[in-house]
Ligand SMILES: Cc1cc2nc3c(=O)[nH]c(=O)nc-3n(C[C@H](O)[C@H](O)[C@H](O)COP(=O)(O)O)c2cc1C
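What follows is one chain in C-alpha cells, specifically the form predicted alone.
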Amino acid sequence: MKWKGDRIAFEVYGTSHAPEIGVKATGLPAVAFDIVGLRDFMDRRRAKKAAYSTPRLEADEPEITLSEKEFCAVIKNGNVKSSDYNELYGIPRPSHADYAAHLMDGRLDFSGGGEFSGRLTAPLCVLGYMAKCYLRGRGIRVSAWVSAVGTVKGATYKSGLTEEMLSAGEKGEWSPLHKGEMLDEITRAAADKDSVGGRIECAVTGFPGGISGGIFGSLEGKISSILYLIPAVKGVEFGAGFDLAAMRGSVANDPLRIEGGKVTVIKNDAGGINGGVSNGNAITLGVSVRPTPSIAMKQQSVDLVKKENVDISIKGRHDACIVPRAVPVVEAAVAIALADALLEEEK
C-alpha cells in the first residue's frame, strides 16, 4: 500500500506470509522516541491470548533505520502457517479481497490474504507512533478507544468528550463503559463459529485551527484516505456524522461565542472541522469496523478452478473481533494525516 500526502509519503510492503513486512517513509522529520513507548504501542495491536484475538502470536519487534531523508522499519514474520490455506486454493473467501484480487491479476493463491491482510497494519503502526511523537512535541494528543462491539455500546464523544475517554487508549484502548459486556458479545460470536464488528472513536486535542487546504485539500479527506488503508474499515464519520442527516440546521449548527476575549465554539457536532479546515475544537471521528470475514461457520463460495459452487468452513487463526486490535492502527492513521497537514502548514 502507498500513500502520498503534501509532505509525507510512505509505502507499506510485504504480505501476511512473507519473511518480512515493513514501511518506508519520507517527509517526517526525525523525532526522539522512547523504545519502551513504541513497544507498548505495538503491543496494543499484537495478538494476545484473548477471546477476541487470533492465536497467531508475533513478536512485532521493528528494526528501525533513520536518516535525514528516509525512515525505514522492518518486522520479521515468524509464526507463519500457510498450510491452513491449502484446501482453499482457487476458492475465494466471502467478503475478503480474494475474488477482487483474482479479477485484478488472475491469482488463485489467497494464502493469508497476501498484501490485503491486516498483518500489514503492524508497520503502519510503527510510522504512526513516530507521527504521534512529532505531534506530542507540539502539544497535540491523539487517542482512540472501542466505543461499541456488535450491539453493545460504550462511552461516545457524542455524549460529551471526557478525560476518561482520552486516556482510554493509554490505559488499554477500551471504552470506559461496558467493557465486560463487549467481551461477552465477542465470546458469544466465537462460540457460534462467527465474528462480530464494532466502532472505534478517536479524538485529537491541541490541534490548531486554520490547518489544511480547504475543500479540495480537505482535512477530513486526508484523514479518511489513510483510515481506509485499514482493511476492516468500512465507514468513517466526523463529529455527529451520519446523525446530522436527521437534524435540522438549528440543532446541527455549532454556535460561536466570545468568552474571555476569545472565540469559542460551544458544541462540536462538526467534529472540529469546517470546510475541510480545522476550527480549533477537538477533532472527533468514528470508524465502523466490519466483522472479520474469516469464520469457521459454513459459507457459500465458488471454486474458480473447477468452476463450481462450494461450501467452505475457514480453518486457520483469525480474530473473532478485530476491533480492539485496530484501535492503535486508527490512532496511527490519524496521526500520520495530521502530521502531514501540520508539516505542510509549517513549511
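All residue numbers refer to positions in the sequence shown, first residue = 1. Keep in mind it's a predicted model, so treat the numbers as computed, not measured.
Another form exists, predicted in complex with the named molecule; not displayed. Remarks below refer to it.
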Exercise for the section: Run the contact test on 116, 121 and 230 with a 4.5 Å heavy atom cut-off to the named molecule in the predicted complex and return yes or no. Expected result: yes
Practice task
Among 93-101, 185-193, 148-156, 202-210, mark the stretch whose residues have heavy atoms within 4.5 Å of the named molecule in the predicted complex.
Solution key: 93-101
Practice task
May I ask you to choose, among 290, 315, 39, 48, the residue with a heavy atom within 4.5 Å of the named molecule in the predicted complex?
Solution key: 290
Exercise for the section: Consider the chain as shown here, without its partner, and state which of 171, 262, 234, 138 has a heavy atom within 4.5 Å of the named molecule in the predicted complex. Expected result: 234
Problem - residue 294, heavy atom within 4.5 angstroms of the named molecule in the predicted complex - result: yes
Exercise for the section: Mark residue 283 yes when one of its heavy atoms lies within 4.5 Å of a heavy atom of the named molecule in the predicted complex, and no otherwise. Expected result: no
